[in-house]
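Below, in structure tokens: the form predicted alone, a single chain.
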């Protein structure tokens, strides 16, 4: 994978540039990281548009041709340095090379707090209209006490810090592969407002009505209770179907081909769910389910378009929980009728860690790090169900602090470089 790195400092001695140079050297064979120079970028001015200058065009072209971007930000007065903000201004004025581009944020500072406030601001800046970068969520690499972090060769000294940096980069590489793949699709045509109609759409009932379920059921004279339903491999009553689905120990969601959310198996209270749903949401369009979340809407469109178009039958996204006791997976499976027509999405969410723990307990085995582990370089879309798309979405702040403390800190400080 080809990545470019941008250090948000133009100082002669920049620890953030040293960090990127270490990553470029240390990660050879996993990723090709080219560290870009921003020293010659002019001061941004709308009155003196230099978008077409060689320095701006070179930056833009390098970013466009890369699979992803790593930005190492110092922290000046609790925010990003002016030099970095200046670069982003040029890259979001008349040209937009960061639009849809996967971005990973790292940072270093003199004190124990590791540029956390600058990283938070940088996330907000990168998500602004006109920039629209796709930032790796959650994973925070915050290098504190940077004056003593490197040896004379510019290499990080602490092995735990190196290991955590490796893990974060591996997650970013998987994340970038999926983002790049789904961004290549013509996903905008996906109508998440469910304004169309299918052969099973219940007409005459407002989708946004919080009592949609009861009103729609009455409209179509839906069966319930002990009425039998003939299935393709069984005969069950409606009650029996509910008993079975409500005791299935994974969270199931059914979205039809019109992008209407029409079912979830409510076996846990909403506040305890991995993917939180409420009874009032049943019947809503996916736009209503994700109100005001423009970034989420974009990614939902991308995933559904991949499934509808047949580019893949399955998208899987690991979303690590808040501690080492959880590994939450979200799966999105395309559904088809007997003739192969797309009929919607079967989504399920499950925490795999208890299952793994039970297996280890029953077999007397244990998990150990694999010293030969390599980043998967083949992850991508496949029409085969056994070759799912893999996307590492996030690691929590708590997990970050727990794994790398004290070398990588999760608080904040100003830093000259």
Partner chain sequence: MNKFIAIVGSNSNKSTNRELLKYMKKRFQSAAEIELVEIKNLPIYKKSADKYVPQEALDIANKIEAADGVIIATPEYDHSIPAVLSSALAWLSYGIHPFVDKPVMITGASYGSLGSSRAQAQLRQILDSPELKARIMPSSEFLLGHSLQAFDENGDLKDEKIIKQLDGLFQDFLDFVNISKQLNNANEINKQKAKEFSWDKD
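Positions refer to the first chain, counted from 1. Because the structure is predicted, anything quoted here is derived from the model rather than measured.
The following text describes the form predicted together with the partner chain, which does not appear among the structures shown.
Enquirer: Any chance 254, 284 and 335 all have a heavy atom within 4.5 Å of the partner chain in the predicted bound form?
Expert: Result no, not one residue of the spot touches the partner chain.
Enquirer: Using the partner position in the predicted bound form, report whether residue 125 sits within 4.5 Å of the partner chain, counting heavy atoms only.
Expert: Residue 125: yes, in contact with the partner chain in the predicted bound form.
Enquirer: Considering only heavy atoms, tell me if residue 80 and the partner chain come within 4.5 Å of each other in the predicted bound form.
Expert: Contact check for residue 80: yes, within 4.5 Å of the partner chain in the predicted bound form.
Enquirer: May I ask you to check whether residue 317 falls inside a 4.5 Å heavy atom distance of the partner chain in the predicted bound form?
Expert: Residue 317: no contact with the partner chain in the predicted bound form.
Enquirer: Look up in the predicted bound form whether residue 170 has a non-hydrogen atom within 4.5 angstroms of the partner chain, and give yes or no.
Expert: Residue 170 lies outside the contact set for the partner chain.
Enquirer: Specify the contacting stretch among 222-230, 273-281, 245-253, 87-95, defined as having any heavy atom within 4.5 Å of the partner chain in the predicted bound form.
Expert: It is the stretch 87-95.
Enquirer: Within 4.5 Å of the partner chain in the predicted bound form, heavy atoms considered, which of 156, 207, 131, 179?
Expert: Contact with the partner chain in the predicted bound form is made by 131 alone.
Enquirer: Quick check on this chain: which one of 76, 311, 330, 301 has a heavy atom within 4.5 Å of the partner chain in the predicted bound form?
Expert: The residue from 76, 311, 330, 301 that makes the contact is 76.
Enquirer: Residue by residue through 1-15, tell me which have a non-hydrogen atom within 4.5 angstroms of the partner chain in the predicted bound form.
Expert: The stretch 1-15, when checked against the partner chain in the predicted bound form, contributes 10, 11, 12 at the 4.5 Å heavy-atom cut-off.
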